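To begin, one chain is listed below as structure tokens, in the form predicted on its own.
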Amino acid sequence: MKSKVSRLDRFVSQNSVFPISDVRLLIAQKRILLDGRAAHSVQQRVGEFTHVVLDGACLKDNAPVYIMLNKPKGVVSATKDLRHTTVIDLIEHPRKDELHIVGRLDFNTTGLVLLTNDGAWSRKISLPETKLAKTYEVTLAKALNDEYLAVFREGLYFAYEGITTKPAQLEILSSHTARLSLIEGKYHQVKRMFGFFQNEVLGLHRVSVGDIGLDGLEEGQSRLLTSREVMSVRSHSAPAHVAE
């Protein structure tokens, strides 16, 4: 994969009329701005979303994009599919082809899907070490009882992978519905956890990722994330009470 980061002197020489040997002088004359501040070294890094200005002319202005979608049932969590409607098909944004999906949902699972072109941001959401909770509303075929609470809290052993799931928080809402919060995302994890009790998941709806929630967004609709929502991921740290 081609790196999206380069040294400042190389970037300027490749994107302006100035040779690489002139970049130190341009820096000394404060003619180069990185993200609104005067550059100070030829070795500064120009990343995918660094804003670069030389003599008042913008050389690079690729802003990150963060979008949420309320995914309907029967839509594929993919960027392209020849047979089915994809989450990208439902989004209206001029740069939607740059986006990737942060945490896919199954074909019949509904709810919150996040999309971005910021790889560092999406990796933080995906890593279990971040302990960013993903919360789901679950509808089940059989009635729930308090035994579920203890088992989910302690974790379940998945023989196929040879792993035990991390502690999960389960709240019973009614006889056949619950709210489940996970800090990881194993293959079909929710269905397999309830499968321990031979209880089929009839409906699965993701309502939030960390502090980012659907908040009344209609099914099939999308919107840009607010700066506060974006920062809630960047500034997230694991709560002290979460046990391993």
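It should be emphasised that the depicted structure is a prediction, and the values quoted were computed from it without experimental measurement. Just count from 1 along the sequence shown to find any residue number.
What comes next is about the form predicted together with uracil (URA), which does not appear here.
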| task | Determine which one of 210-218, 182-190, 32-40, 49-57 lies within 4.5 Å of uracil (URA) in the model of the complex, judging by heavy atom distances; exactly one does. | result | 182-190
| query | Quick one: of I101, V75, L140, L105, which gets a non-hydrogen atom within 4.5 angstroms of uracil (URA) in the model of the complex? | reply | L105
| Only one of T116, T109, T135, T165 has a non-hydrogen atom within 4.5 angstroms of uracil (URA) in the model of the complex; which is it? | T109
| message | Taking uracil (URA) as it sits in the model of the complex, is I67 near enough to touch it, meaning that at least one heavy atom pair lies within 4.5 angstroms? | response | no
| Can L26 be called a contact residue for uracil (URA) in the model of the complex at 4.5 Å between heavy atoms? | no
| Close approach of L204 to uracil (URA) in the model of the complex, 4.5 Å, heavy atom | yes
| said: Residue by residue through 4-34, which ones have a non-hydrogen atom no more than 4.5 angstroms from uracil (URA) in the model of the complex? | reply: none
